[in-house]
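Just the one chain here, the form predicted on its own, laid out as structure tokens.
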């Protein structure tokens, strides 16, 4: 079993509280992504699990073992770093077999067989005799992944491993990485600030903000039902729209001249609606009415920014929609995609 349990982890650096009281569980074989902006604590949490940092409080368990008192080499983990951390004076083969030799894993023949297996997984079997200085950034990152997988760890930890690659190579590596890790069935924790990486790779995402986990769930559930204003605004490109709503009767809310159904309690709430969950309304239908400020054609769709009673509203519509700046646009939110938030607690309110 390679289940990871992190319980009540707190970490401070001087007066700065990096992690407040973090608890999470990663199931055996699961791919979990720690997602959040810079400084939210995600890399600190990863390093505590790896044994590269010591928590002020709390426990880390891998399988049935408590490991927070053990050095990294005794935790049966492997780590892939942002800057590759491959050895330039070694060949690709020597890099991949480095961990196996350090741990004295098997005979020379077994080590060679394992190196070939790991190299084939990441498609660098033809580069084994080259020095890593002769390789591209993408190839060096493949070497780092192969080296980590070669020791067959219980847990694989990855710290923004694709961030130094260009956009096209990152897309290619993302797809390959997902396939590789599914085949290996290794429990993985992956750190990134890129929400597209998180959404496409993860079985579950832990969204971190201010040293805490704000929501820990499947990508689709977080996208559809964000637990906080921060989650709604951080996930999605463009992010969720938030509109101030005023209660006019129990269960009825008004935004400008537009009324709609919602939660039965409260005087003021924020309505969260994603740009793609707005649709053009017909004449005479109740609608949110705004003036188009900017139109951005994006190929598969267009993104329009409207001004609505002094606030900005983003709408993602059909690419062929004839919109120009200055046009008046009437929009209707999809009733099944409305999300409500308390402006004080910033947490979701169920309607």
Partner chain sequence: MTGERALPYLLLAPSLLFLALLFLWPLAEAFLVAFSGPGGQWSLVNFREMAEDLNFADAVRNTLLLVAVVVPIQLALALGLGVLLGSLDRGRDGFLYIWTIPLGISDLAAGILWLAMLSERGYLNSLLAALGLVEGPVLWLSYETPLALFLAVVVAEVWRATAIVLVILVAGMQLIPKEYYEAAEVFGAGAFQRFRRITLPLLKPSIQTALILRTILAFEVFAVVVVLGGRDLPVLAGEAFAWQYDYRNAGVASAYAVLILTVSLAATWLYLRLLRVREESLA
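Positions refer to the first chain, counted from 1. Here the structure is a predicted model, which is why all the values come from computation and not from measurement.
One more form of this protein exists, namely the form predicted together with its partner chain; it is left out here, but the text below deals with it.
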- Looking at the partner-bound form in the model of the complex, is residue 134 within 4.5 Å of its partner chain by any heavy atom? yes
- Message: When the contact criterion is heavy atoms within 4.5 Å, does residue 102 count as touching its partner chain in the model of the complex?
- Response: yes
- Task: Examine residue 90 and determine whether its closest non-hydrogen atom to its partner chain in the model of the complex is within 4.5 angstroms.
- Result: yes
- Item | Exercise: residue 148 in contact with its partner chain in the model of the complex, heavy atom 4.5 Å | yes
- Item | Contact residue in the model of the complex, chosen from 206, 191, 245, 86 - any heavy atom within 4.5 Å of its partner chain | 86
- The unique member of 213, 78, 199, 229 whose heavy atoms fall within 4.5 Å of its partner chain in the model of the complex: 78
- Among 315 to 323, 289 to 297, 24 to 32, 47 to 55, the region lying within 4.5 Å of its partner chain in the model of the complex by heavy atom distance: 47 to 55
